[in-house]
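This document opens with one chain alone, in C-alpha cells, the form predicted alone.
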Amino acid sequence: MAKKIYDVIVIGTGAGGGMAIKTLCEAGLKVCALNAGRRLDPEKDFRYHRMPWDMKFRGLDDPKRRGESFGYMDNEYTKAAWDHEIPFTVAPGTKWMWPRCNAVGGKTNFWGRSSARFGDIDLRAASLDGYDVDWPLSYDEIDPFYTRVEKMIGVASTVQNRPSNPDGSYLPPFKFRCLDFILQAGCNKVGVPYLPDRCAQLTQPHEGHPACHFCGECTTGCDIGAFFSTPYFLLPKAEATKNLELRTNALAKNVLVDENGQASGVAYIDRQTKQEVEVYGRAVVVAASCIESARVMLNSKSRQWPHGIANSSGQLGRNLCDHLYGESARGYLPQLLGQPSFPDHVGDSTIAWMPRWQNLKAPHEEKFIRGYSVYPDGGCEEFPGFATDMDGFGSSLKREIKRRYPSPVSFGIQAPSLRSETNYMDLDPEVKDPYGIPVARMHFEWDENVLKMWEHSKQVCAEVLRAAGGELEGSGEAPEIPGWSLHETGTCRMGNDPKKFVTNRFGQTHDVPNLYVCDASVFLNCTDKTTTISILAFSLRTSERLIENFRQGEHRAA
C-alpha cells in the first residue's frame, strides 16, 4: 500500500502552528497537523464559572501536587490541560520554569492577551545601541501582516502615537476603572505614559465571535470564545476547507529526511498506544513553541545532520531570551477606601499599561539599554490578597478588609533579557522522557542589563504611586524565576547569514529549504512587548512564503 504524502506537516497548533494551518489549508494545501495533547472541552477543562467553594481544594489543587504546578495558570481549575509528563532539566546554577499546554491550541487557550506590535525601534535596536544585530527585516515589511492579524482576531485599544509602539487597527478599548484614572494622574505628574493596553479581547462582537461579558478569570479559559485562541478563531476555518487532518496526542519525536537531507516527514509518538508513527509531507513546519521546536530539531539527527537538522551554523538552541517579570511596587489608594465594591477585575485583562518610556530620544539615556513596560492592576479581585498581611481578628478585621477591598494596586514589570552566549538550551545527555526522547536542558541567568531595569522600575513605580496619592507598601523581593512569563524567544533565530542563523528572513531554514519554523524561536530577542501577536504576524508571512514556494515549484505538491 502506497504511503500517504501530505503537502505540509505542521508540528503544533498554538499561535504559530494555528496560523500556518489555517493559511495553508485555505490555499488548498493538504495539511497534517500533529498536536502533543488532546482537544479541550471548555465545560470540563476551563474554569467555566466555577467558584473556589465549588472546588475540592478551593482552586489551589491538592497540596501534595501543588509544588508540581507551573505558574499561575496551572491550577485546580485547568490542571488537566497542562503537561507534567515530559520532564526537562536545568544546568547547575540555572532556575527555570517551563509551563507547557500541549492541548490543541496550546497556550492560546490561557494566554494574557496583551498584543502590542514590535516597532522599528525594536527591529533596529542593534543599530541604535550597538548590542547584537538588527532583525533581517524592516517594520514596513511586517506592518501589513500585523494589520491583517488585528482585523482577524480583534484587538481592543486606542491610537497612541508613541515611537516605541506602532498603532494598528483596533476595537474600542476597555474602559478605565477608578483606580486607572487615579494612577494615570500620578503618571502624568512623573512623566510616564499610562494608556489603554493592546488587548486581544473583544469589546464588541467581531467576525462571528461574541463580545466579552466580563465574567472574569479569562486566563483559566474562555467558554464563549471572546478572546483569540486557535481553537476558536483559526482551526475551525482550517477544518472547514476539508484540507486538514489533525492528529492529537501525537508527540513529535524528530523530523525525517530523505537521501538528500531534505525534510520528508515527521516521526511522532502516539501517546495513547505508546507506538512510534511516521507521517510524510513535501514540507514541514515546526511550531511546537520556542524550546520544544529546538528540542525536536536537535533530536532530528541523521547522517546529513549529525548535530540536529538545519544546524550547520551550530546556533540551534542558542540565544535563548526571556521576559523578566516581577512586582515592581504594591500599595493602596486611600481615595478608594470604603467605596462600594465593583468588579474591577474586568475580564481578568490588562486594562491599562505603561508602555516603554525609557531610551526613546537616545539609546543610552538610562543606565541600561533598550526598555521595559509595566502593567498596573488592582481593585476588587476575587480574593483580597492583602488580607493575609493585615493584623487583627474577628469582626473588626472583616470590616477593615471590606474597607480596603476596592483600594489595592500593583505594578508588574515586563523587561527583556539580552541575547547571551551563556543562555541556551541543549539536549540532556543522560535524561530521557518516558518515550526515550532526550529532554531539554536549560542554561540561563538574568543579565545585568535586565536587572538594572528591574531596579529602575521599582523606583519609578513607587514614585508614580506616591504621586497618585497612594501608600507604598513594598515590592517583590526578587523577580519571578526565568520561564515564568511564557515568552521565551530565540533558539532558531532568523538572519541572512547561514553561518550565523538557523532560518532566513522568512523563517525558512537555510540548510533545509522545505523546513520552516513558525514560533517565537525565530525572534532575535525579546522586546518590551509580549510575543503572541508577533508570532501570528510572522507565521502568516512565513506561511504565505511557503505557499509561494509551492506555486513557484520549489516544493512539489503531493
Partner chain sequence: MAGQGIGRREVLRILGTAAAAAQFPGFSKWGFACGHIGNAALQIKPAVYRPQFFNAAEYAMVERLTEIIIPNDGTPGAKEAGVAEFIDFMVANDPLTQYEFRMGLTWLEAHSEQRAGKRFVELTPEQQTSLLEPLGFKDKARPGEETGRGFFRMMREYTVTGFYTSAIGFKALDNPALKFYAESPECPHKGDPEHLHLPQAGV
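Positions refer to the first chain, counted from 1. Here the structure is a predicted model, which is why all the values come from computation and not from measurement.
Although it is not shown, the form predicted together with its partner chain is what the next lines describe.
By the criterion of a heavy atom within 4.5 Å, residue 341 is counted among the residues contacting its partner chain in the predicted complex. For the chain shown alone, residue 257 is not a contact residue for its partner chain in the predicted complex, no non-hydrogen atom being within 4.5 angstroms. Its partner chain is not drawn, but in the predicted complex it has no heavy atom within 4.5 Å of residue 511. Its partner chain is not drawn, but in the predicted complex it has no heavy atom within 4.5 Å of residue 437. Remark: of stretches 521 to 529, 499 to 507, 26 to 34, 53 to 61, the one touching its partner chain in the predicted complex is 53 to 61 (heavy atom within 4.5 Å).
A single residue from the set 392, 474, 314, 191 has any heavy atom within 4.5 angstroms of its partner chain in the predicted complex; that residue is 392.
Think of it this way: in the predicted complex, its partner chain has a heavy atom of just one of 403, 364, 95, 124 within 4.5 Å, and the residue is 403. Taking its partner chain as it sits in the predicted complex, the stretch 363 to 394 comes within 4.5 angstroms of it through a non-hydrogen atom at 380, 381, 382, 383, 384, 387, 388, 390, 391, 392, 393, 394.
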